[in-house]
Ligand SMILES: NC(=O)c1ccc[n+]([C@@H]2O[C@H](COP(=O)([O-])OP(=O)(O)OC[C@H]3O[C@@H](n4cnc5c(N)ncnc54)[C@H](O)[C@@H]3O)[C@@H](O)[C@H]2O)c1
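Heads up, the chain below is alone and in the form predicted on its own; it's given as structure tokens.
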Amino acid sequence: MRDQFNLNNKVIVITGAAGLLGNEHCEAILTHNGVPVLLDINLNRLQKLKTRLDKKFSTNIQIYPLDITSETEVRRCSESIKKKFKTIDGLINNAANNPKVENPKENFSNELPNFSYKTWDKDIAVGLSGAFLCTKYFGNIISQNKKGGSIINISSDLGLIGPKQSLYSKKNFKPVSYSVVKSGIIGLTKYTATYWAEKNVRCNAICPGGIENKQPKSFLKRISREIPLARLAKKDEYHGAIVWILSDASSYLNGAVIPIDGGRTAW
């Protein structure tokens, strides 16, 4: 059973790797003997993450600065990774725009009547179109493996329910684009799960709840009332799910949409 959860040098591509959750995906994979390949548009943050992880895990992690909204860049990156590693075993579509609207000191204008098309277009391009492009190119490489592989799409509890805007300040609404992206990710998951199934490429989505990350105490108090476990997640509480879905331990899991939100969507 322990061997089933071992990633055994599986090459896993992670988009948005330099973000809070992306960092944790990398650590989970390294802890279970996988080989994370880090993609992010922010080269400086990627380099800092690489330095930290190389030191902690005594390894040489590969990083690729990448704008996932550019099909040309995604195609070239996929070719470079295949040339270096010969194969790709897994993909985590993690990248998305997510403004920190829970902080009343931030200045956003996300009210639906005033929400700009430019922002909408950018959010869709990163969170949804980017996931499509990465699935198209990295997923195709995975489909060429004799044993297939695993794709994880990162949705959200807000891909299953609408945001309760009263949790935020009167000014900083959760943007409509976030809900649309995270709902769309679920549709992409189900499509991909059936498209490459005969080649044993599994595709599943997890719907994380929020992560505690220095939010104002007033916000934490309000959001806790909406969650049966009465708290946000700790940043490492998604490790187990990531490893399980990438590993052979979940070999019959395909097309699943898994809420990991402390029970918030059960109410």
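Sequential numbering from 1, following the sequence displayed. Here the structure is a predicted model, which means the values were calculated and not measured.
There is also a form predicted together with this ligand; it is not shown, and the following applies to it.
Using a 4.5 angstroms limit between non-hydrogen atoms, Gln62 is distant from this ligand in the predicted bound form. For Glu226, no non-hydrogen atom is located within 4.5 Å of this ligand in the predicted bound form, even though that partner is not displayed.
Although the partner is absent here, Thr135 is not a contact residue: none of its heavy atoms lies within 4.5 angstroms of this ligand in the predicted bound form.
The closest non-hydrogen atom of Glu27 lies beyond 4.5 Å of this ligand in the predicted bound form. Only one of 80-88, 136-144, 189-197, 150-158 lies within 4.5 Å of this ligand in the predicted bound form by heavy atoms, and it is 150-158. No member of the trio Lys164, Leu167 and Gly262 reaches this ligand in the predicted bound form with any non-hydrogen atom inside 4.5 Å. This chain is displayed alone, yet in the predicted bound form one of Asn33, Asn42, Ser218, Thr51 has a heavy atom within 4.5 Å of this ligand; that residue is Asn42.
Residues of 55-88 lying near this ligand in the predicted bound form, listed in sequence order, are Leu66, Asp67, Ile68, Thr69, the criterion being any heavy atom within 4.5 Å.
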